[in-house]
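In structure tokens, one chain follows: the form predicted alone.
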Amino acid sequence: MNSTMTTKDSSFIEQSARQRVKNVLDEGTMRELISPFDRITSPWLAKQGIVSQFDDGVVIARGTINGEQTVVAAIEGSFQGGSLGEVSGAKIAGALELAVEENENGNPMSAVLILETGGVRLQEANLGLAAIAEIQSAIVALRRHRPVVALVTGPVGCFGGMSISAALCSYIIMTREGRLGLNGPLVIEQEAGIAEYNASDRPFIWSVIGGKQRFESGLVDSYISDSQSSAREAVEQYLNQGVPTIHRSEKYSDLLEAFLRLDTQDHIAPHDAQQVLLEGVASHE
């Protein structure tokens, strides 16, 4: 813990998913939906000798942030690497669809996604992929009404299909410890070789996909410190900004043009990658 932090303002990263949800909501307003007491578990893990968890690694709650109705979904990175299967994915999709329905009925409701996930759970690959597709569809539907804020802190990061889900959100907030990418470091090392991408080289990994790099490349909206107050204040700030005029995912063509001009014959350094990305972002402004 940072010695300058008070007990109340301790590390956000070191909290459990349930504590993180409680932290971002107004005090006393958290009402958990599909809680562990409902005992809705994955039907597939036990068949493979894996101990299931009563919340399947995802916490869903509704409450208020600055008095505004909000639904919050948080993935528990310590359970199965934050992977999403049929049940956990359906819980997030259902929460987002609830918010869409509330907005269509004239009751404004925003959403916050606290993402600590390696992506789809391999033991439930097809069902997990289907659930992530439903999550992405619900994000696009909800962001027309109210902001959908993604919070990527650490230490698992946000990879696979859920990295695409994050990119579809209205805003992305990251800490220095957060990592965001389509493939995780171990997957890239396995496919490209350790000489190309050494997953154990932490400074290199964070220089490529860490929060500071992603922010300075213009791919995320905010880069915050690891404290409960920073996370809460950043979420409040972006919810107050409302729906952006143009969402990040609607600017893809500018980044694509920058990538097409990239010479892939040479090994690109993190700084050079940042310049390419900034060029694409700037061309839309």
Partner chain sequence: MNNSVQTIPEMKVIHDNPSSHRGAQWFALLSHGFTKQNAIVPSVLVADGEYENRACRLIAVVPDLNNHFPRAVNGEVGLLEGMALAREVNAVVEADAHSETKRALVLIVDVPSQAYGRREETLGIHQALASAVSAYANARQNGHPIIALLVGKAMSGAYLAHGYQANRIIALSDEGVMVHAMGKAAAARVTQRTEAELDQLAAENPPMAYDLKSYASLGLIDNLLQVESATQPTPSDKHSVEQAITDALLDIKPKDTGISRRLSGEHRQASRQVRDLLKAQWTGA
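Residue numbers count along the first chain shown, from 1. What you see is a predicted model, and the numbers here were worked out from it, not measured in a lab.
The form predicted in complex with its partner chain is left out here; the points below concern that form.
- Contact annotation for R146: none of its heavy atoms lies within 4.5 Å of its partner chain in the predicted complex.
- With a 4.5 Å cutoff on heavy atoms, L129 counts as touching its partner chain in the predicted complex.
- By the criterion of a heavy atom within 4.5 Å, P244 is excluded from the residues contacting its partner chain in the predicted complex.
- At a distance threshold of 4.5 angstroms between non-hydrogen atoms, N66 is out of contact with its partner chain in the predicted complex.
- Heavy atoms of every residue among E102, I164 and L277 are located within 4.5 Å of its partner chain in the predicted complex.
- Of the residues given (E216, E257, D26, E236), E257 alone sits with a heavy atom within 4.5 Å of its partner chain in the predicted complex.
- For the stretch 179-212, the set of residues having any non-hydrogen atom within 4.5 angstroms of its partner chain in the predicted complex comprises L180, G181, L182, N183, V187, I188, Q190, E191, A192, A195, E196, Y197, F204, V208, I209, in sequence order.
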